[in-house]
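As a starting point, one isolated chain is supplied in structure tokens, in the form predicted on its own.
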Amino acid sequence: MKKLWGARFNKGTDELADKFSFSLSYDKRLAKYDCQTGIAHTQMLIKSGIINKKDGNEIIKGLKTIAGKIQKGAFKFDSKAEDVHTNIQQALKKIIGEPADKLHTARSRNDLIVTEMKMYCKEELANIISHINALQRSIVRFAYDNKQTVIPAYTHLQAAQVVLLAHFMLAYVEMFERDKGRLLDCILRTDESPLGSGALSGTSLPIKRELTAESLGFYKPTENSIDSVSDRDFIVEALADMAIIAMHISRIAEDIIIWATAEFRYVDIDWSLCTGSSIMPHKKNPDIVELIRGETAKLYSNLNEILVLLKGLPMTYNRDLQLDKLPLFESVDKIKEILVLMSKLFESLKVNKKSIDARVKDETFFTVDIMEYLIKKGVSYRKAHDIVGKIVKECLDEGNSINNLSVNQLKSYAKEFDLDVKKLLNPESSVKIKKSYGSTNPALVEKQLKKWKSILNG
């Protein structure tokens, strides 16, 4: 197979070198973008008077034919061609003959590949945002279905206070909304077309880069040809954004795994997302959720791989940059797969209200409410904290109930106590007395649920 650059060489490349540098196995997923850039570039060459209309139209027609085959999965890639660009070029020449040789006018594979990678990133990041939206909708539906449920919440994985389950779920929705914002930011910074930058210095031919930028859906052309062909920041940023999404998913998976244990029994994961044990017949293991948690590690390693790859590279283009694709492709595929599975998880997740109700009767969850009761009666924060700490030590730590204390026993801790303090010792009261914006107050949570339902379904 004749190389696009082969005329200068007096011998062919080593067979092992060809195999070592072969990229078609993974860059062929860029084939549709190669056709799109070729069509836009040819249209610009015609309008700029660089190639004649007849040849240009032949090129465009041929590329559209190839693009149609690619879309149908009918295009046959030549494994002897070194990359996707050579495949498209050679296929085009078979269809239209000599005019195909004009396709590469005023462009280099250096500016071509980074343009296609940007097109890929823009499209796939938008797809990931759609998957996040779907997951958020699943979480909001789950929250709506269980909006009356009050659950224990933890700090340091130790009992802290009670909150509405819906409030807890909306924390996940907020996390993913920030993820979408980061992806949108990345799309905005990716939205500049490098096509026409050439190998690194531009071209003496009278091209109109703004035409190809607009035709390919970019906001504008890039400003500096050197930066254009060497920039892979958008890939680093995309991988970083996906790694953060993965971190959020891993944390959520951990919560669900813990809640599904026999020790907690707060939720029941659907059988379709669990497996059994080869030796213990009673087991129902949350293997799929555990694998989701485990697979997120690949998103971190892919980010690190690209950072190490780029570290110390001299300007401008280096063949090392060929290796930016596999980590990106793997991360995109993996995060989409995980997001779909997480949506399925929340669509089928069941709440074990009996176990939750039994747990939230623990009076330690209401110590802050008791402390704030005293503060409202004029006791200083520091003194109120000490008073309630003493009650915990002498009553709860000994296995006794505050609810069983007489009014005189309560007043022995603080004269401000009255029997009405006992009204605070239940989970429903605990969430209702919260007043601050963004808190677990049922009215505020209901408002947030309606807001998110409207946003995500709008």
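What you see is a predicted model; the values in this text were computed from it and never measured. Sequential numbering from 1, following the sequence displayed.
Only in words, not in the display: the form predicted together with arginine, which the text now covers.
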Interface stretch in the model of the complex with arginine - options 206 to 214, 319 to 327, 375 to 383, 184 to 192, non-hydrogen atom within 4.5 Å:
319 to 327
Does each of S23, H85 and I113 have at least one heavy atom within 4.5 Å of arginine in the model of the complex?
yes
Answer key, arginine contact in the model of the complex at 4.5 Å (heavy atoms) among K102, K93, R109, K334: the residue is R109
